[in-house]
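Below, in structure tokens: the form predicted on its own, a single chain.
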Amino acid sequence: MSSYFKYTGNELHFGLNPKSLSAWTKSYQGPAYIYDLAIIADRYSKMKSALKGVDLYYAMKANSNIEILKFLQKMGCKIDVVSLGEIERALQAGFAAKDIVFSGVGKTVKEISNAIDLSIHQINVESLAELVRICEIAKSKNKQVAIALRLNPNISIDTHPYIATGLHENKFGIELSVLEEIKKFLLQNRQHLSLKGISLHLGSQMLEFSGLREALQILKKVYLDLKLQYPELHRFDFGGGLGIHYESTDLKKEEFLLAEYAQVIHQELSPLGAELQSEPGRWLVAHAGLLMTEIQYLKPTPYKNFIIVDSGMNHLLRPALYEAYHQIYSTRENSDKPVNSYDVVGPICESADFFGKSRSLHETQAGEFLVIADTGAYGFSMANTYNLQSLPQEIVFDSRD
């Protein structure tokens, strides 16, 4: 397969085993995210096979739909969370506390306290101040907490600056220059802090891995040095961030990308003999979702043609926030009609409210439907009610059924 979309009999089909979207257009009640579990199952199996011996902790921030979470849990996946709300959702979905890694830079006292009470697998520590807070709470409970240090190696990767996380200018991770102070604090508080691992995350949407390899080489040395003082150290969490191709879907090319990524990981980290952890999100779920929206108006002007739909940046923020590209399809092929250039825009009172600019689409009309592709990651999870618009619906199906 080159894509999860295809036209059959003039109708758009979607899924691992593509199904017609006509049933959902006929019962349309407003903008809706539609997810195919079969795609997620296929992507998870491919990643699990490529990253042999690696524990996969799905990054819930990508998509927190409860049915998707339950599905991943049943497949054997573990979970990476960044808030108390996500911890509660993980437990609701059936994940055990021992399968939860807690990441994030701004953990509150309440969040840390709950995580300690649950005895989750590990807390990824982002700063000395956070480490001190964890220790104080652990002391008050007379408990020992399993932690990993998220380290910032000051390595750049080729991605949007808003989703790069491994540079000194970013808020994420502990600078290596602070390590001596961290080590001293850990030695003084062994009764309450157990250093189980180190953690790395350079950013999202990685399509090239030279920066990742360089970061791993730096942190391997840190890991080995720390292990001399902390024999309980045995985990290396290399984060997530593996990207997909949004502008021109090529699933075979993405499998080659996964293989290249896995090769870098195995070459650099397997010799450590550590327990390896990863936190994938986008690669597992992005292709598995679409956003369906209804055309409200066609607005031709002397300068450009607009298609105005009933969904916008309130439902899918990525184009406005990152100038992210998503392919746009009509649910009817309309191949007998001329092709025009359109800006596809929403109802929100912001000029940033667009899904795509200068898109070539067959002539269409109000009442027909468009789908915004590859919105299974960072779609609904970033949706909001700006302008007091309603949140979109979420529909889950399995194209294998």
Ligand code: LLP
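Every value quoted in this text rests on a predicted model; they were computed, and no experiment measured them. So that there is no doubt, residue numbering starts at 1 and follows the sequence shown.
Keep in mind that the form predicted in complex with the named molecule is missing from the display, and what follows is about it.
S.K.: Quick one: from Phe306, Tyr322, Tyr230, Tyr329, grab the residue that has a heavy atom within 4.5 Å of the named molecule in the model of the complex.
M.R.: Contact with the named molecule in the model of the complex is made by Tyr322 alone.
S.K.: So which of Gln73, Ser194, Ser83, Gln205 gets a non-hydrogen atom within 4.5 Å of the named molecule in the model of the complex?
M.R.: The option sitting close enough to the partner is Gln205.
S.K.: Only one of 343-351, 24-32, 56-64, 357-365 has heavy atoms within 4.5 Å of the named molecule in the model of the complex; I'd like to know which.
M.R.: Looking at the other structure, the answer is 56-64.
S.K.: Answer yes if any heavy atom of Ser103 is within 4.5 Å of a heavy atom of the named molecule in the model of the complex; otherwise answer no.
M.R.: Contact check for Ser103: yes, within 4.5 Å of the named molecule in the model of the complex.
S.K.: Closest heavy atom of Arg318 to the named molecule in the model of the complex, within 4.5 Å or not?
M.R.: Because a heavy atom of Arg318 falls inside 4.5 Å of the named molecule in the model of the complex, the answer is yes.
S.K.: Heavy atom to heavy atom, is Gly173 within 4.5 Å of the named molecule in the model of the complex?
M.R.: Residue-level check for Gly173: no, no contact with the named molecule.
S.K.: In the model of the complex, does Tyr378 have a heavy atom within 4.5 Å of the named molecule?
M.R.: So Tyr378 counts as contacting the named molecule.
S.K.: Do any residues of 244-267 have a non-hydrogen atom within 4.5 angstroms of the named molecule in the model of the complex? If so, which ones, in sequence order?
M.R.: Contacting residues: none.
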